[in-house]
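Just the one chain here, laid out as structure tokens, in the form predicted alone.
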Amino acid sequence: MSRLRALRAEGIVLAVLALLPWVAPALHVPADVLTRSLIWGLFGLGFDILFGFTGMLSFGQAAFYGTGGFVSAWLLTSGTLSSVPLALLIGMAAATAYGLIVGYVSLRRVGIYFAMITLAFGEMSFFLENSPLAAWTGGENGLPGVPTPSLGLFGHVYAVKAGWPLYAFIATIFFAGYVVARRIVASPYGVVLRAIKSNPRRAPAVGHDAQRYKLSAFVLAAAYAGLAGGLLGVFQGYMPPDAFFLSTSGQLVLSTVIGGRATLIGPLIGAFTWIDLRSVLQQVPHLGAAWKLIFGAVFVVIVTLFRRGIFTISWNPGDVHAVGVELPSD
């Protein structure tokens, strides 16, 4: 039954992703907004495993987002590689390796001290990109000219153009990442991660190597971030230096909390909420800079009304919560 329930949930997500190109235009939602939301949703999948399921709050995820993005972008713009998928995988591997180093150091502390160490690594990464590595990253100018992918099919090569074709390409990657993340959190490994979050002292007492599990969750989050960063460059045709900004890590935390942590799909919903709302507010005449004030007020209301996020799913078998509503446990 649990297997059938998992397939049903994945089928719903797949159906929604497939229908959006037909539904979104009627709702005046552009393809770029949905595509950008999917990139943030992929970014959030790994972070939700780390924060939502394992209980570790990191303010340095932009370090891996930027690392994966700039490694992929440099490989493609320098002429080293012409294959976009291969460049994305190498960028993801670079972010994973960096995550292993940062995680090994950061996990020597817990709580707020862990969060502050990750923040420090994020700031150091931005400095490295902007100054010592500027010859490879473009510094404050970033890396322009990142190509879109080309896919071979039946002996023909098709370029994935901007708009809905690129949406389909990124939606496919997001869905694959979502399925993998669901398998991870539903496995015995995922059960241990939730046990560590619920009682970090008891989990080691019953024989689990909590530090190893925490490090693996941190590395997983870095891998997802690196892949999402690479897709950002492909989507924009340009890899921006703000991928390393502290605000990028902050927006990731915000979208996860707003959408619903420990849900996997919550970060995507949270990201779409703030991206679409920002786009709408910026188009309101005579609003000017005041859009940020309204933007902040709306999120205060959302957090107040939905304490566990807009979308909430319990991972207990058969226990599914309605959107934004907390149901009592049996």
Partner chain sequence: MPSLGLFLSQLFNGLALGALLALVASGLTIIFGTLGLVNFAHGALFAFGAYAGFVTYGLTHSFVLALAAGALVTGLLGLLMEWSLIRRYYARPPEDQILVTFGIGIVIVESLRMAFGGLTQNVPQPAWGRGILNLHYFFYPVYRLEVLGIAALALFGLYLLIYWTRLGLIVRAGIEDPLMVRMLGIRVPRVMTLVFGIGAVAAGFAGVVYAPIVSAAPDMGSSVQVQSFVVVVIGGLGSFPGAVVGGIIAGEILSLTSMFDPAYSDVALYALMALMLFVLPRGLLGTEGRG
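Positions refer to the first chain, counted from 1. Predicted, not measured: the structure shown is a model, and the values here were computed from it. Rigid core (definition): largest C-alpha set, two forms, superposition within 1.5 Å.
There is another form of the same protein, the form predicted in complex with its partner chain; it is not shown, and what comes next is about it.
S.K.: Looking at heavy atoms inside 4.5 Å, which stretch does its partner chain contact in the model of the complex, given the options 183-191, 69-77, 225-233, 99-107?
M.R.: Among the candidates, contact is made by 99-107.
S.K.: Candidate spot Y113, A120 and L246, all three in 4.5 Å heavy atom range of its partner chain in the model of the complex?
M.R.: Every listed residue reaches its partner chain in the model of the complex, so yes.
S.K.: Within 4.5 Å of its partner chain in the model of the complex, heavy atoms considered, which of G139, P85, P165, G250?
M.R.: Spelling it out, the residue with a heavy atom inside the cut-off is G250.
S.K.: Taking any heavy atom pair closer than or equal to 4.5 Å as contact, tell me whether S198 reaches its partner chain in the model of the complex.
M.R.: The answer is no: S198 has no heavy atom within 4.5 Å of its partner chain.
S.K.: Is P132 a contact residue for its partner chain in the model of the complex, using a 4.5 Å heavy atom cut-off?
M.R.: Yes, P132 lies within 4.5 Å of its partner chain in the model of the complex.
S.K.: If you check in the model of the complex, is L128 within 4.5 Å of its partner chain, heavy atoms only?
M.R.: L128: yes, in contact with its partner chain in the model of the complex.
S.K.: Is W274 part of the interface with its partner chain in the model of the complex - any heavy atom within 4.5 Å?
M.R.: Although its partner chain is absent here, W274 would stay clear of it in the model of the complex, with no heavy atoms inside 4.5 Å.
S.K.: Given a 4.5 Å distance limit between heavy atoms, list every residue of 29-60 close to its partner chain in the model of the complex, or none if there are none.
M.R.: Result: F51, G55, L57, F59.
S.K.: Comparing between the shown form and the other one on the rigid core, is the C-alpha shift at L57 2 Å or larger?
M.R.: L57 C-alpha, core-superposed: shift of less than 2 Å.
S.K.: So that I can tell if V298 moves, could you say whether its C-alpha shifts by at least 2 Å between the shown form and the other one after the core superposition?
M.R.: After core superposition, the C-alpha of V298 moves 2 Å or more between the shown form and the other one.
S.K.: Closer or farther: the C-alpha atoms of P25 and I302 in the model of the complex, versus the form shown, with a change of 3 angstroms or more?
M.R.: Compared with this form, P25 and I302 lie farther apart in the model of the complex.
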